[in-house]
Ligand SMILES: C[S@@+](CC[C@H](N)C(=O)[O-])C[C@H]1O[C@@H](n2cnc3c(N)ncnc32)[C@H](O)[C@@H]1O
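Have a look below at one chain only, the form predicted alone, in structure tokens format.
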């Protein structure tokens, strides 16, 4: 059943299992989108267009004034069905058509099955639209760029580690009959080296997730393609000088299936999402290695304020149905998404 995963190997790292469960031929992110009220989980763009409008306002007021090129590459990573990009472009085109005219719009979505839906959703922007499965396929971009993503970094593959009596261990998985079980082994040299490189603190007997090799991959890809750009990232997590970013000794890795959260990684394989919190300190340290400078870090609620969206919310509230105030509350309430999600901004 799991031959593609083990390939005649008795054990594989937890990261290989996550890669198989999410990105293999039949993996979770290779099927139809599960992001909806009737799917496995919701994201901010699927709650309200206001989320996309806030990104548009940030670009218009904070990024565009510093752009020098006649054209601007406008890129979303992990575009899914294009719903977020659609709301962002809708607001820019309506409020600042002269800025919209300067945009070369690019959507990166590794699941090619979703490209048809992206093109359908963004058909009104088709004249300036590129949809691709990878950053590598893009030509080098010698103009100003704006890159953004929503819940992209928490969808990357990750290793799981734990420090016991001064020794670093990693979680591996092995197959026994038709099931998969976890085992704990001394970490391999590459993983030990990567932990040493970043030098964050570790607490004994606390599991932590390590997606840093994936972080590095995407920063390297973007800096290879762009000579100058602003990168706006929104994700679940916080800053921490520890590799573990949670008081939970089992770490932050978890599964989402039909809006239920669990740590049952080995049930519903390829049918459920597997994710972990983003440690924004680790993300920032990784970005620095590729010449990116952190220029801002905000809770989602605070980002709405700096993107000058408050007046627009009041205006839209007057014209929307009764659900609109509840949707906005979900986005900005400290007990819901407002403080749990963070925006970090880099530039190069």
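Nothing here was measured: the structure is a model prediction, and the numbers come from that model. Numbering follows the first chain given and starts at 1.
This protein has a second form, the form predicted in complex with the named molecule, left out of what is shown; the following refers to that one.
Asker: Find out whether any non-hydrogen atom of residue 108 is located within 4.5 angstroms of the named molecule in the predicted bound form, and reply yes or no.
Answerer: Result yes; residue 108 sits at the interface with the named molecule in the predicted bound form.
Asker: Heavy atoms within 4.5 Å of the named molecule in the predicted bound form: does residue 103 have any?
Answerer: Residue 103: no contact with the named molecule in the predicted bound form.
Asker: Within 4.5 Å, heavy atoms only: does residue 174 come near the named molecule in the predicted bound form?
Answerer: Taking the distances in the predicted bound form, the answer for residue 174 is no, it never comes within 4.5 Å of the named molecule.
Asker: Could you tell me if residue 155 has a non-hydrogen atom within 4.5 Å of the named molecule in the predicted bound form?
Answerer: The answer is yes: residue 155 has a heavy atom within 4.5 Å of the named molecule.
Asker: Hey, with the named molecule in the predicted bound form, do 80, 133 and 218 all fall inside the 4.5 Å heavy atom range?
Answerer: The answer is yes: all three residues contact the partner (heavy atom, 4.5 Å cut-off).
Asker: Among 223 to 231, 238 to 246, 144 to 152, 163 to 171, which stretch sits within 4.5 Å of the named molecule in the predicted bound form, heavy atoms only?
Answerer: Among the candidates, contact is made by 144 to 152.
Asker: Given that the named molecule is left out here, which of 64, 29, 298, 290 has a heavy atom within 4.5 Å of it in the predicted bound form?
Answerer: Result of the distance check: 29.
Asker: Within 44 to 77, which residues have a heavy atom closer than or equal to 4.5 Å from the named molecule in the predicted bound form?
Answerer: The stretch 44 to 77, when checked against the named molecule in the predicted bound form, contributes 45, 76 at the 4.5 Å heavy-atom cut-off.
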